[in-house]
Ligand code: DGI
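Heads up, the chain below is alone and in the form predicted alone; it's given as structure tokens.
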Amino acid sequence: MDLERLREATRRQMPEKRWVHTLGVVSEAAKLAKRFGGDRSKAELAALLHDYAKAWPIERQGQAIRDHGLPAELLEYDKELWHAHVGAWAVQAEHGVDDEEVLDAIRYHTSGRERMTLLDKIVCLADYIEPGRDFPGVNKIRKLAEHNLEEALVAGFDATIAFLMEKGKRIFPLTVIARNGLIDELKDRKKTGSAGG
């Protein structure tokens, strides 16, 4: 896989502002991978590709979901979720990215999922806390991310859920499942007395 070509292809998919965000996520993912013992090259690759389809017209995203067997339930929820699954499909179909762990980290970077992998957590959290992000509570999430990946992600999901509730929008069930799973992980870790991840 030619990383430089992939980088250029990704850059062409999006406006400059989104590209700056993407570079911020790549940088943050590298830091988180180092801090929490993740695979840095996979974290950087998944972060580079996480918003591959974000700037596609919404009709094109919806069509990709319908045409390529992506989860149809996505169509019933916020359109902000669509690009993650569409992007994972697109980088595999168009660029031959076939590392399932990387594809899953792209696929679930907006919603989270049950039993998130370390790579899932790193990319999802990097997307929340990259330097260009500015939303209520982001500094608290950044502070938590200095010591505990799961606590920071729970705070991130809490912010997302609160935002959706405030806007009167439906909450994607997988996000609630992801949050609950992380809380269970934290409880289990306290019980066994092992250090934060």
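Each residue number is its position in the shown sequence, starting from 1. These numbers were taken from a predicted model, which means no experiment stands behind them.
There is another form of this protein, the form predicted in complex with the ligand, and it is not shown here; the text below is about that form.
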{"query": "Heavy atom distance at most 4.5 Å to the ligand in the predicted bound form, all of E80, R133 and F163", "finding": "yes"}
{"query": "Any non-hydrogen atom of D120 within 4.5 angstroms of the ligand in the predicted bound form", "finding": "no"}
{"query": "Exercise: R18 in contact with the ligand in the predicted bound form, heavy atom 4.5 Å", "finding": "yes"}
{"query": "Partner contact for E150 in the predicted bound form: the ligand, 4.5 angstroms, heavy atom", "finding": "no"}
{"query": "Distance check, V138 to the ligand in the predicted bound form, heavy atom within 4.5 Å", "finding": "no"}
{"query": "Contact segment among 45-53, 139-147, 61-69, 28-36, judged by heavy atoms lying within 4.5 Å of the ligand in the predicted bound form", "finding": "45-53"}
{"query": "Within 4.5 Å of the ligand in the predicted bound form: residues from 104-124 (heavy atom criterion)", "finding": "H109, T110, S111"}
